[in-house]
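One chain is shown next in structure tokens, namely the form predicted on its own.
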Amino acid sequence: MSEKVDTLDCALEVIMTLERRGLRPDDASIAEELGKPIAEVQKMMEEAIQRGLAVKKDGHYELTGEGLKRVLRHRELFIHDRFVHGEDRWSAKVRDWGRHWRHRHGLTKDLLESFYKALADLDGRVEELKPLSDMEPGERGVVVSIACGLGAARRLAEMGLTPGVQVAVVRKAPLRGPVEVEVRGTRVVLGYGLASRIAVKGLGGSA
């Protein structure tokens, strides 16, 4: 995707996030969140309005249904490309995303529903997500996606580790060793490779 499209998607995400926090997104607040000049944001939002992705009412912006769908698709593609494949060349080949997640990445129907709900509930920008393996001991977060093959996904689900659940990192072994996390009151040890494919939104604070 182009930088222009990425930036527009980020602006739409900011609108969605601020709305859900009970705020009224305007040019200044969007510019502050993105770290962009107001003039650049105004130009982006003019484009968003022209494309039917947002509307402006009383000086603030609201997403349309198409804008919301675009935000959710942006989040889905970002997670797929960044956390699953590590590159973006696969997304253009996918025609049926539900089937792709189920058959290529091991998400059952229930896990897929949890994943899409976690995407919709995400507070903030998808670019703020990081692998569970990158979290430090004491950090807490919410799992947004798990893509690690059918067998591993099912085992993690049986442990209670599913999209939408809170986790806390207890300890990490050095040199890409195992990661111990607490989930639903139980401690679980994950291999580094598996932990690196679990996308988490940090919550801040200590476990």
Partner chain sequence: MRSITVALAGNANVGKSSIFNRLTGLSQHVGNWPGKTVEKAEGVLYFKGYRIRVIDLPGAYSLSPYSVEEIIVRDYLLSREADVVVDVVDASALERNLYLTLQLIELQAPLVVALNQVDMAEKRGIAVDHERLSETLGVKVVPTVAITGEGLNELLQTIVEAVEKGERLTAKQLTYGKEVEERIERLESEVRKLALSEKYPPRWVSIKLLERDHLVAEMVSKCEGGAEVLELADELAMELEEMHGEPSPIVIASERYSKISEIVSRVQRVVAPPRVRWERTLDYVTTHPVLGYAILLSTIAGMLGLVFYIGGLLSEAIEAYVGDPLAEAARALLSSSLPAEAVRIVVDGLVVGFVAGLVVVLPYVVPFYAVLSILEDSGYLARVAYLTDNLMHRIGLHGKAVLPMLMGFGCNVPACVGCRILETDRERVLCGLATVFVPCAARTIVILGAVGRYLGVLPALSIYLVVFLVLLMVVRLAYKVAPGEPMDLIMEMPAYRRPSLRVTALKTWSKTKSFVIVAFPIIIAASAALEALSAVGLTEQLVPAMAPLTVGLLGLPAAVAIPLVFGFLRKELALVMLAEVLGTWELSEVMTPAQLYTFALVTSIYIPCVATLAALVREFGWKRAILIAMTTLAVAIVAGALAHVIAIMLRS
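Residue numbers count along the first chain shown, from 1. None of the values given here were measured: they were computed from a predicted structure.
Omitted here: the form predicted together with the partner chain. The next part is about that form.
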Seminar exercise, completed: Among 22 to 30, 158 to 166, 66 to 74, 40 to 48, the stretch whose residues bring a heavy atom within 4.5 Å of the partner chain in the predicted bound form is 158 to 166
Exercise. Which one of Asp110, Glu136, Asp123, Glu128 is close to the partner chain in the predicted bound form, taking close to mean a heavy atom within 4.5 Å?
Worked result: Asp110
Exercise. Do Ala118 and the partner chain share at least one heavy atom pair within 4.5 Å in the predicted bound form?
Worked result: yes
Problem set entry | Contact test in the predicted bound form: Val188 vs the partner chain, heavy atoms, 4.5 Å | yes
Exercise. Does Arg176 reach the partner chain in the predicted bound form, with heavy atoms at most 4.5 Å apart?
Worked result: yes
Exercise. Does the partner chain get within 4.5 angstroms of any non-hydrogen atom of Ala153 in the predicted bound form?
Worked result: yes
